[in-house]
Structure formats: structure tokens, C-alpha cells
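Given next, in C-alpha cells, is a single chain: the form predicted on its own.
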């Protein structure tokens, strides 16, 4: 039950009625106004700006937005969900819902359980690509933020009715994988008994490569050492990539991250059974006049070392909103990374994904416009690409930066963090900031048992709901607390201001799910759960000082059952929301 949608529908009906009466321009469409919780809860349960949005379009039927708002109020006041509605300021409308409407929300939560808040399924296929780390080492904490964000977003979209494919793009075709192969070959030599000394500059120094070197020695003996680099490089490269992807999959599994598809960049050009897909994508754009030979102006500021003033194969990305046209071929005749990415997204479109979401690190921000331009060109403007950038994570312990680990040689690995603080803490805290905001992750703070630790605060709220049921079982052993029985209880008894506040927040959950899914922002779920937990904790604390407010009233069986209905509804939403974030809902907090 989405009371916000119900009120929006009522406003649209009032709008249409005024058009039929000739008091409002019939050409207007009621699709620009908002229906949302008011900033100040004392103003009501729902606020709308419908009169203000259409202020310039009111003539000749109305003289002011406030007059228009007053007319809307007159019609809305007859709605069965509305208890009170009034006009504020120049024309804002505030609505107070009937208690029966809030009780209806609670009953829906109890009856629908884990389905509460789920909008009607639309079955739209959506491709969510996330992590996509270079397969050159274990995952670091920055990768973890993108992994958690992408996984939670995929879960949110599925809950909202989409058909989601979770995808990992393996960057296994660039120069970095040759560096990986040479680094692994060095460890192979070490495993065979050679003294390799200090790791040369430019190679990967991490201890994780020792295992790969040892495996190469077991598999190939002395054979690789006798080969020239041209022969051993592709063998070692593939073995190293396979080993790294196994390590990455293991790291992801530790964080409960899964993917449906692992797509190899190298397959775009090295697949013996298929044509060169990068070339095919370039040819398709060229057939539409979007590829040409030309020169680019030098970039602003200091020139990068690899910039060349030469004629190049360019994509007309400026026709699709980019700042400059983009090169597709390097001076040595190989494809640029951008060319491969064009082919990769062309493949997504061929697979039926008109809606694509890419989760990237913040260092790829300059790449956004060109990729959006490419998808617009490939799809004739019909494809939608949303690129979400995840800002850096600064790892701290009691406010002090955490040093690098020996295992990676360069950074603290994601697996080390998960092993230290647990999956729930990592996942919740990664989502308790908007993805494009920097995140300070303090290893000491995220395991504190205090209200300052958001994941503990929310999980503790759920644990308290379960505690209420255990207390009730002691006082009323035969009390029927099945969801159906609770839904049938007298919810008119749930009427204390603190209880009504919980009901109002619960009523926002379906709207929250819809808004978060549309905006591709799973952090909104984490914020909402914290607000709901805060309301529950406040009411619980008040009950310690005022026994008559407690959920379990030893002198009133009927009141206890009604209040447990409220507790069960809160618990159901907390459990559902935490599941969307991939976070557990423990019955007890020890």
C-alpha cells in the first residue's frame, strides 16, 4: 500500500476535473508535481507543491497559486485517506492522513511480509556492471565500495520489479596484464630456486604472486625458463589471469557478492570463433558517418607524455554531448581502451539491454561523457546508460590512517577488512554514504556497540523487536502473534504520538523503494532504516521511564497484541531493508 501514490492519484483526478470544468488549461499534464513527506513532521504526513508548480499556467481560471491550492484542498478533503488538509504560505498543501490509512499500511506490511513495499513488476531487463577490477591482484577497499554499491543496487532493482543481470567486465586485454605475467614469471623463477632480489620497478611486488609462481613451476617445470618471452608470455598471462580471477571471486564471495556474467575484454578481439567485435563496432559507426580521420587539439594544461599531434581515427562524440571527439586507434595500430568499451557496450545492446548501469571508480570521472555519447550513437538515442562513480575510501583505525599490507605490497586488501570487522559492517558502512561522497572507514568505530555505529544501531533495533516478542511470550504464553492474528488486532489502540511516528515512517517505505530504484541510489535505503531504527529506539527508551508505553503491557492483553502488530511491522521492514543491503538481521546482539 503506497499512500503517496494514492494521494498523487487523487490530486491528478482533481486536476483533471478542473480541466473538464474549463477552469484549467486542458493542454496541461499533471506530471510535474511532487508528493512527499513534509520537511517538518508537524505540518502533516504528506506535502505537495502542485499549486506552486503550475503557478504560471493558472490563468484564466485562478488568480493565484493559493486560490488554486484552496480549490484542490476542497476536493481532496473528501478523500477517504485524508483526515485534514490545508494550504500553507503561497500555495503549498499539507495533508494529515486518517488513522485508518496508517493502520492500513501496517496491515499491508503484516500481510505482505517481505513483499511489502514492492511495486508492480515491470520485468525490464537491466544490466548492472560493477567491480570490473583489473585482474592484477587482490581487491582493495575501493573495489569493495563499488562491489557493495553495485550488488545492493542490483538487489534494489530486482525488488522493484526489474530483470537484472549482474556483470563483471574483466580488463584482461591491456598492458597491465602483461605486467602481471612478467611479475608472475619472476615468482616462477623464484619458485625454481633462483634468487630474484628486489622486485624491479614497474612489476607487481605483492606476496600473492608467490602462489602463482609456485603453481607455474609445478605445471611447467623448467620448460618456461627455456622459452623466449614471446612464447612464455601468453601462457603465463592466461595462467596469471585465471589465478587472479579465482582470487577476486573468492574475495567477492567473502562479501556475499555475486555476478551472473564475467565478460572478458580480450574476447572482443581474441575470440577465434567470432569476428573482431571492436572493428565491427567502429565499422557500424563509420557507416553512419560518425568516424573520420582528423587531428585533436592539445589537452588543456600540461601535455601528457603520450600525447601526439597526428592524424587519428576519431569518433564524433561531440555530436552526442561530449567535449571533444575521441580517438579509437593508437599510433601503433592497436585499439584505444575507449574503442574496446564501445564494442563492449554494443554487445550489451545486442543482448537486449537498453538500460545499463556502470559502477566506476571516481578516477574515471573524465570518461563519463564519452561513454554516454558512444551509447547514444550505438542505440540511436534509445539506450540509457547511467554511470555511477564511487568516491575513494580512506581506511582508518581510531582516526589514524591504516598502513599498507604485506600481502598486496601496496594497499590493505578488502579480504583483510572483511575478516577483521565482518561482512555486515563493511556492507552497511559502504552504503551509509552517497556513492559520490568520500568515505572514511574506521575499523574501530564500525565494531563499536553504540548509537554512533550505524550498522549496530539498525541491527540492534531489529534485535529489540525480537526481544519484545520474547517478553510477550513470557507474560502471555498463549498469545497469538502470527502475522494474520496481529493484522486482525484492534489497531485503533496504536495511537500514541510515538507509535504514530513509527506508522508514518513505515508508510514512507514503498515510496522510498520506488524513489531509490528510480534514482539508482541504494544509500537511501540505509538512511531510511536508520531513521526507522531511531524512532523505535526513542519509543523503547521512553517505555523504560513510562511503563504504560511499553510494547508489552502486563495488565492489558489486547493492547499488547495491538502494539506487537506495530513491532512486527517495523521488524518486517527492517528485515527487508537490511536484506536489500545484504546485511543480516540478528535476533540478538551480544
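Keep in mind that what you see is a predicted model, and the values were worked out from it rather than measured. Numbering follows the first chain given and starts at 1.
One more form of this protein exists, namely the form predicted in complex with the RNA; it is left out here, but the text below deals with it.
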The RNA in the model of the complex has a heavy atom of only one listed residue within 4.5 Å, and of 166, 464, 415, 345 that residue is 464
Though the RNA is not shown, can you say which of 28, 53, 559, 58 has a heavy atom within 4.5 Å of it in the model of the complex? 53
Would you say all of 40, 362 and 370 touch the RNA in the model of the complex, counting a heavy atom within 4.5 Å as a touch? yes
With the cut-off set at 4.5 Å between non-hydrogen atoms, does residue 477 touch the RNA in the model of the complex? no
May I ask you to check whether residue 337 falls inside a 4.5 Å heavy atom distance of the RNA in the model of the complex? yes
Would you classify residue 70 as touching the RNA in the model of the complex, given a 4.5 Å non-hydrogen atom cut-off? no
Residue contact check: residue 456 to the RNA in the model of the complex, 4.5 Å heavy atom: yes
Have a look at 498 to 506, 194 to 202, 446 to 454, 484 to 492 and name the one stretch with heavy atoms inside 4.5 Å of the RNA in the model of the complex. 446 to 454
Does any residue in 309 to 329 get within 4.5 Å of the RNA in the model of the complex, counting heavy atoms only, and if so which ones? 309, 310, 312, 323, 327
